[in-house]
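Take a look at this single chain, the form predicted alone, given in structure tokens.
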Amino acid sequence: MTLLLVLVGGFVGAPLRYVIDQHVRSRQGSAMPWGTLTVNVLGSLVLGAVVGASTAAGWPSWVATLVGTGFCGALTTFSTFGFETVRLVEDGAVGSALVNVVASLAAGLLAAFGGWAAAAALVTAVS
């Protein structure tokens, strides 16, 4: 059952990542990998919200498997983040690589915390 939940979540998350990444890339012309940054921050926000809501509402564990592991695991791509950062360094864009690392880590952590806090507050207010 766990494998099926991860597959179903990934079946939705992976194409969504591709669409968002291509959409963002088509609207910017810099070497900065904004598409990857966008999907990673969005995935961090959703994962934080799932954890916050699960904790506050006591959701069953299969929800975390479906959305957290499957969907968010396929939506985010930290391997691409690493690859693109190394590519920036190899291309001599060390400043952009540094900005990519700092922005990805800071925005990802803030998004995860914001999603967690908002979802927990919403569940508490509703119940």
Partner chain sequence: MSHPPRRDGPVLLTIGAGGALGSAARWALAHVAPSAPGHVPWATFGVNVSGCLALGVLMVLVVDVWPPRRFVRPFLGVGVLGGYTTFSTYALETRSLLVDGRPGLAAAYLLGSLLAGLLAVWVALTLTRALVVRTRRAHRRHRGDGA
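Everything numeric here is computed off the predicted structure, so don't read it as measured data. Residue numbers count along the first chain shown, from 1.
The same protein also has a form predicted in complex with its partner chain, omitted here; what follows describes it.
Although the partner is absent here, A53 lies well away from its partner chain in the predicted bound form, with no heavy atom inside 4.5 Å. Within this chain, V6 lines the site of its partner chain in the predicted bound form, having a heavy atom no more than 4.5 Å away. Looking at V101, you'd find a heavy atom of it within 4.5 angstroms of its partner chain in the predicted bound form. Although the partner is absent here, S61 sits far enough away that none of its heavy atoms falls within 4.5 Å of its partner chain in the predicted bound form.
Of all the residues from 65 to 92, those having a non-hydrogen atom no more than 4.5 Å from its partner chain in the predicted bound form are T69, G70, C72, G73, A74, T76, T77, F78, S79, T80, F81, G82, F83, T85, V86, R87, E90.
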